Structure formats: C-alpha cells, structure tokens
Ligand code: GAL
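Quick heads-up: it's one chain on its own, the form predicted alone, in structure tokens.
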C-alpha cells in the first residue's frame, strides 16, 4: 500500500484536527451486532457470514440493526510495509471479501482495533499506524471502528483518539467511530468532537449484578453509572453503556427485558451480543420489539433520566420528539411490587389527561389524570408511552 508522505501526513493532521466531528453519522444510536460478548476470540469468516445471514433472516435487520462488527482477535501481525494482516486461517478470503459479503446483504461492516501498541488480547494495536490502518479499513469497506484502550502506556486519551479520528477523516470513507476507553478519562466531556459514541464504564458482564476485580460488572451496576451523564448525549454523539447481553446464558427473560428497555430509554447504542443463529423466540421478541426500539431511535435523541429512586423501585423517563414520554418502572427487588408515579415527575401538569400504552403488552391502557401505577415483576420492568 502506498504510504503518505510526511508533508501530506502533517497537512492532514493539522487541517483535520481543527474541525469538530459533525459528519452526519449516527444521528440515532447505532444498532448492530458485535462478536465479543458471545464468542470472545473465537471469530472466523464462516461464523461472521452466518451472523450476517441470520441478522437478515431473523428480522433483526428489518427492526433496524445494521452493523456486523468483528471484535478483537481477527488480526495476527503486520507485513514488511506495516500493513495490518488478518488471520489467514480464520479469514481465508480476506477482509475485503468479507466486507463485500456483508454489504451484499444490505448490512454494514465493523471492525476493531486499539489505541495502544497491542489490543486487549495482545494482537497488534494501531499506535504509530493510525493513518495506515485507517486507509486499510477504508480499502476493505469498513463502516464502523471500535477502538479500545489497552497497552496505552502514558498516552493521553483525548489526543490518541483524536489522532485516529483524523486518520479516519483522511481515509475519506464515512466510518462510525466508537471510543472504547471505559470512561477512565471522562470521554463524555470531550468525545463529541472526537467520536460518535464513547464507553462510560468497564465491560458489561452476563449477569444481574456481579462484579470482577478488573472492573467488569452486571448491567444494573452499569445503569447506575449513567445517572448524571444525560447532558452529554445527543444526535451524533452517544453515551455507550456497552453492548447487550440479551440472549446469553445468565439473564432471565425478565432481566433481559429490563436490560433492553433501560438501554433504549438511555438512547444507548444497541449492539446485540448473542448468537443470532440460534435465538429463542423470546430473545428475538425482546431484541425486535418495535415500540421499545422506537424509544431508543427517537429523533430528538434525548437520553432518559432517573426521576425517582425508592431503593428497590425506580422510575425512569425520557422526553420524546412528539412531546410524549417514555417511562420505565423498574423493580430491582426480589418480589413483584406496585410502582406508581405522578405526571409532575415526568414534566406534565397534574391535571393533564394522557393516554397510557404498555409497550411490552402492546396494549392501550386508557386515559389517566395525575399519574399512573402498575405491578412490576421482580427484576423486571413495565414500559409505558404516555401521550397527552
């Protein structure tokens, strides 16, 4: 691959770094699938092609999912010119052919790298090769880059991610840029000028509320850390509480419904992390519920907020573009319980008459004044749309 001259490199860097990120991408939170949560390093060309097929056949694509993202472990080294090399045994047709196949399905192609010298699984990172890697991704037809933060040494996070932002711009192919920096340097304070989404915490785990010594955690603990970040999220720049664990082994169906519902209320990117080829009907119903997805994809792009916290019982609300509200009643407790809220808590006058619809039952519940309440299952949710 032809290398950029030093003068060209400096011109691109100095020119592009002066411009904020406003490229029209990710105006609503990106939706797709990522290999990591289910498969880890066990990725290969055959599986990725099958996942693209399954995204179409399952109805996921019709529901709005577009990106097929290969996470860590696809790369094995660099050639004598420094070009990144995909594992020839696992990806014998090469990344360009795989991207072409994904595109032929009407889907978009995503890939993974790292701002440090090595990825989290000790594969080659992009440090020192940012512009070269970005040009390679563009040549392969990549539409989405997840960029991790392992082996970063003393690097400055904002500068490191800004460098890859500029490299992606110089490659002249539109790519959604996912900042996977784990929230350690408060990327929400600088990410809108650098990427389209930024991780706010360490990795999500397939569990209700477990933790690890390295910082991974179950989704309710991640949810807690989103409170206070609402002002930083909006069209083209999203807080990212990490990928979905819906359909993996450890969550109950009620916990999975709650996980998906609250991610949608947060305007979070929706990156499925299960095996799309063998989804249970109940899992498919969760991931493709059009009325819940509509909360996530609402064009106003306003992140939902927690409006009441009574310990085990919470009320979350989201302002929608048409003036209505999405409301999630969340029960963290061990038994079902009734949770109620008032109109004033969601920004309506108490005397207002409003229609209420249950978005999991797909049922109009009637008109109410002053507020509403419902019985919520243990570790579950009731999700409502309240419309004046």
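Residue numbers count along the first chain shown, from 1. Nothing here was measured: the structure is a model prediction, and the numbers come from that model.
What comes next is about the form predicted together with beta-D-galactopyranose, which does not appear here.
In the predicted complex, residue 276 stays away from beta-D-galactopyranose, with no heavy atom inside 4.5 Å. Heavy atoms of residue 165 never reach within 4.5 Å of beta-D-galactopyranose in the predicted complex, leaving it off the interface. Using a 4.5 Å cutoff between non-hydrogen atoms, residue 120 counts as a contact of beta-D-galactopyranose in the predicted complex.
Taking the partner from elsewhere, residue 341 is found to have every heavy atom lying beyond 4.5 Å of beta-D-galactopyranose in the predicted complex.
Heavy atoms within 4.5 Å of beta-D-galactopyranose in the predicted complex map, among the stretches 285-293, 219-227, 177-185, 308-316, onto 177-185 alone. The listed set 198, 112, 161, 109 contains one residue whose heavy atoms approach beta-D-galactopyranose in the predicted complex to within 4.5 Å, identified as 112. Taking 87, 209, 193, 203 one by one, only a single residue has any non-hydrogen atom within 4.5 Å of beta-D-galactopyranose in the predicted complex, and it is 203.
In the predicted complex, beta-D-galactopyranose lies within 4.5 angstroms of at least one heavy atom of each of the following residues of 49-77: 71, 72, in sequence order.
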